[in-house]
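The chain below stands alone and is given as structure tokens, in the form predicted alone.
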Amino acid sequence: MYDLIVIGGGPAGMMGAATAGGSGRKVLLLEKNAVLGKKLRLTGNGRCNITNSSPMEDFPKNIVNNGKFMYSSFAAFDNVRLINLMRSLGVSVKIEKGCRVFPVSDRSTDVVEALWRRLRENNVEIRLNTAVEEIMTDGGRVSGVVLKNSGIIACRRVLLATGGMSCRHTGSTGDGYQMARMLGHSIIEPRPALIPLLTGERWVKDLRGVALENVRVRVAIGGRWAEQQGELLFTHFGLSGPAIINISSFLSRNAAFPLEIKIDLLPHFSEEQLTGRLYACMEHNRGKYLKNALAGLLPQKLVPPLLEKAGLNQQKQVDQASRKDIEKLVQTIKNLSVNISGFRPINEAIISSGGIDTKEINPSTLESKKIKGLYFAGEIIDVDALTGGYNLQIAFSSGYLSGASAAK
């Protein structure tokens, strides 16, 4: 009889299993893949953005859905404890732009191997290539699990940490949602989050490969503006890059496509400053065409569609540009509009939004309010955040709290 069976060998499951095992409980970790941490190995382009070094009070501000639900998890296991744990397991870390924390080695496999060592140290039994079909209950309490390839394993508690619906090739196929639904839990419909956006506009696709280092992206949602700043990339299907990836999370539940997003191409300039800069460009480029007068201010490939959006003839000479022309150009640069038709497929999302309804989970223990001895951790819960290490911290923190609670 196991004290705890953990279903799912991602960051939340590994952390939960190791925490419970460290308390002397008999723990079994079941993973349907041939390796642990299959999705974790891909995060941060294989570098693994472990967490963010910002103060923990800033974390909820970067959580798009149900940030308050994470207060107890963060209090139990914060970013400092996570960084110290990694160091104790031999993983030195470094802090990069945006307070993102990475292994010094830039190898996500180092993080997976460190967690594996932690599991072994804490005597956690691991079974790979083992998929679970159902969680058994008796009198409203967990009693065991049914394996897909036949077999029943008895236990007192179960931690469900099977992830969401993104990156299906890593095993995130929504199995846990079905198991929870069979036990009476409500599932907030999984939707793509942190994902590129689609557009049908030809001019955007013609700019594929053009990258902008620092833009501000805004979109109106329910009468309010969501805003993100950072890099943007034009692609063959629409828009990508960190600023777009982050803004997409605000659209995952509330968007009615098609919709319009606004891009401030030069957010470091006020309209007044940009007007002055444009007049200086015009003065310096007298005798040239408008399309050739903005070099150094914007990528040359972007200038023709920008002038067209402003209603200006790109063959017009700088000397002929009126004050009204400059005003139009300023407004277009500061409020370039793109019509968005939807998301890329959920399988291409970094994470999925949705999952187990947080109203049905005790935030102080992460135990189900419906089934005694059933716990949840990680992406399977209806909590999702922006890029920057916040989602992995959610996984590690919820994994720790659920494992500690299940060990009591």
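As the structure is a computational prediction, the values presented were derived from the model and not from experiment. From 1 onward, residues are counted along the sequence shown.
Although not depicted, the form predicted together with a small molecule is the subject of the following passage.
Student: Counting only non-hydrogen atoms and a 4.5 angstroms cut-off, does Glu367 reach the small molecule in the predicted complex?
Tutor: So Glu367 does not count as contacting the small molecule.
Student: Would Thr170 show up as a contact with the small molecule in the predicted complex if we use heavy atoms at 4.5 Å?
Tutor: Yes, Thr170 sits close enough to the small molecule in the predicted complex that at least one of its heavy atoms falls within 4.5 Å.
Student: Looking in the predicted complex, any heavy atom of Leu42 within 4.5 Å of the small molecule?
Tutor: Because a heavy atom of Leu42 falls inside 4.5 Å of the small molecule in the predicted complex, the answer is yes.
Student: Heavy atoms within 4.5 Å of the small molecule in the predicted complex: does Asp325 have any?
Tutor: Contact check for Asp325: no, nothing within 4.5 Å of the small molecule in the predicted complex.
Student: Taking 4.5 angstroms as the heavy atom distance cut-off, pick the stretch from 83-91, 270-278, 114-122, 171-179 that is near the small molecule in the predicted complex.
Tutor: Among the listed stretches, the partner-contacting one is 171-179.
Student: Identify which of Ala131, Ala321, Ile221, Met136 has a heavy atom within 4.5 Å of the small molecule in the predicted complex; exactly one of them does.
Tutor: Exactly one listed residue reaches within 4.5 Å, namely Ala131.
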